[in-house]
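A single chain comes next, written as structure tokens; it is the form predicted on its own.
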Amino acid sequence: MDKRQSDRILSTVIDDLQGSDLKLDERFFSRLGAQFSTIAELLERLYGKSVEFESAVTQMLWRLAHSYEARPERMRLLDLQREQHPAWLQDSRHAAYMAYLDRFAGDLAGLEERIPYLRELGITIVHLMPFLKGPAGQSDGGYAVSNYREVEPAFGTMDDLRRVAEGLHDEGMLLEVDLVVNHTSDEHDWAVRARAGEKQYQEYFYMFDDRTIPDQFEQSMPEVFPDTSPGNFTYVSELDKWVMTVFNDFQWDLNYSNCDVLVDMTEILFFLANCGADIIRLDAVPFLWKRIGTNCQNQEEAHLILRIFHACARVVAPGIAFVAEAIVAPMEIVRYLGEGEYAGRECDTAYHATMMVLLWDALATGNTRAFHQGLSSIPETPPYTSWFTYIRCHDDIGLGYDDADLHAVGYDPSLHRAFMVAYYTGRFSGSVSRGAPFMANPKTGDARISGTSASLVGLEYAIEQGDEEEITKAINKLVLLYSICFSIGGIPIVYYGDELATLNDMSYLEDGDKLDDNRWMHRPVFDWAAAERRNSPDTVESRVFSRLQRLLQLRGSLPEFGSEIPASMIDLANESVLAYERRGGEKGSVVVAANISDRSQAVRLDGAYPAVNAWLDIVSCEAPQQFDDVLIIPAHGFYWLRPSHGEVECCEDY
């Protein structure tokens, strides 16, 4: 767009806005002026230069104005604070808790009562997975949304959500919510009106009169759920059309080549932000743009859409942060944080799915080769962005390695993936894991893994055997994984129930709407009786909860654990020990040394730190096990180390 046209559109819209009944202040117009050229340029790159394009720009700006006017004063003040401190989300005190609202607390009123429990654990970010209105029965765990502006009635109301957000803010905590941007439920009003024959809304989706174009798409599109929802299109008899349904037949993919979809979704985004959300998780962003002849993922236009969301947020709600839910190849994930001139100007965070699978890989193999190789291949994140690090989430564990990385460490990619599935489903000799294969695809040989963290590390097996030694081993493995997640960088996530070592829940097999999806084995109804046992010494729940609580409290006191400070990997010439340094605190660095094997390991730190004569493990507030200059790390043990310099230190320092 040339500057003359740009200035004309902006001037016309500003004049109209100033002459309207909208209550807009100078701050809005200043932000709009700063972001307008970016918004207009990106829209032009998406949709071309036309009369319709000018209309789209104008419509977008009016929607932004209405959204800004509706923004509560409480949130506007947070916007100002966060604009002045752009690293506000990277503070080391932040740790997230991911949970299904209904399965964790019943409803929004129940969640209010459980905030003290989360605060006790050390949580500052509460991520409620989808709670908006969805279809009865199958809803893909809430990711099929029927109404973006209404809470599922059984969970409460939007006013309840606003009250929860305010309560969290009063406690210094943040609210994270999901926005499903790739698709809607086939019961959403747009789909209902499309099914009724309204052409305007049929153009909100990918609809075709016959299989000609769908077949062209299918030639290069993979299947997300080959077992339960094969293919990527569903025939809708009422329409006599084929509709794109990449995930499930009841989830219709939105057509972002229609700019009305983008404008409407942007308005919905700010509706949720104005309800009190601090962080918005954008679901399935790699799928936002479809192109025949490709896998319909990670298209450049998907990045343009996210840049538009980001620029619009700088106008309406600069205090919110976006999470990219992009579970794709390692080198593709980091692109969702922005690159080139847009570095740091797409999403503010992304899930470090690569690190997640590499942690499980290290635990299964007892070596860190793939871990080091995999992380070394990923570029650094742009300034003021970071990863969400995690060991478990509501989804399956997808084995999203880079094949080149596996080859580099001597693994055959296909065989190694087969080993991982066999190991964590208990079919590999000597494995004590109790997971299950998810979406095994006989055409490709691919499969993913379901199961709770505790069952995957062997706790379910150990309890079945009544073997106290095995129970201790499983607990140590679970805490070890979280110790790395909490210390290696990024914002850590605790998946609900992991803090109590929750086992697989097989009750989903009794629910006709869930029995075909074994991910529900790691989506249990939270056991509050088990939570009470966290206060009883020597119970499994207490042994896990207290250790994770200690690590989170300690992490929050260590500025060098902030997300903006990357970990510096250390080679200790021992493939069973993962070691890295976190720099930046007033007391100097923290060195993390974690033994991912089932045997004690010996390492020397004097080569990397010749001036250090003694170390302090700040987790236990004791000197680590040493033999002369050799550090001894117990099986599945770890240290967070500081040079002690010979002075007397105590737990009160941390």
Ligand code: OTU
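Just count from 1 along the sequence shown to find any residue number. None of these values were measured; they are calculated from a predicted model.
Missing here is the form predicted together with the named molecule; even so, the following discussion is about that form.
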Have a look at 458-466, 305-313, 381-389, 245-253 and name the one stretch with heavy atoms inside 4.5 Å of the named molecule in the predicted complex.
245-253
Quick one: is residue 395 in contact with the named molecule in the predicted complex, heavy atoms, 4.5 Å cut-off?
yes
Does the 4.5 Å heavy atom contact test between residue 421 and the named molecule in the predicted complex come out positive?
no
Just to confirm, residue 140 within 4.5 Å of the named molecule in the predicted complex by heavy atoms?
yes
So in the predicted complex, is the named molecule close enough to residue 267 to count as touching (4.5 Å, heavy atoms)?
no
For the spot marked by 224, 283 and 287, is every residue within 4.5 Å of the named molecule in the predicted complex through some heavy atom?
yes
Sole residue of 416, 523, 133, 345 within 4.5 Å of the named molecule in the predicted complex, by heavy atom:
523
Heavy atom within 4.5 Å of the named molecule in the predicted complex - the one residue of 335, 448, 188, 555 that qualifies
448
Determine the residues of 322-360 with a heavy atom within 4.5 Å of the named molecule in the predicted complex and present them in sequence order; the list may be empty.
325, 326, 327, 328
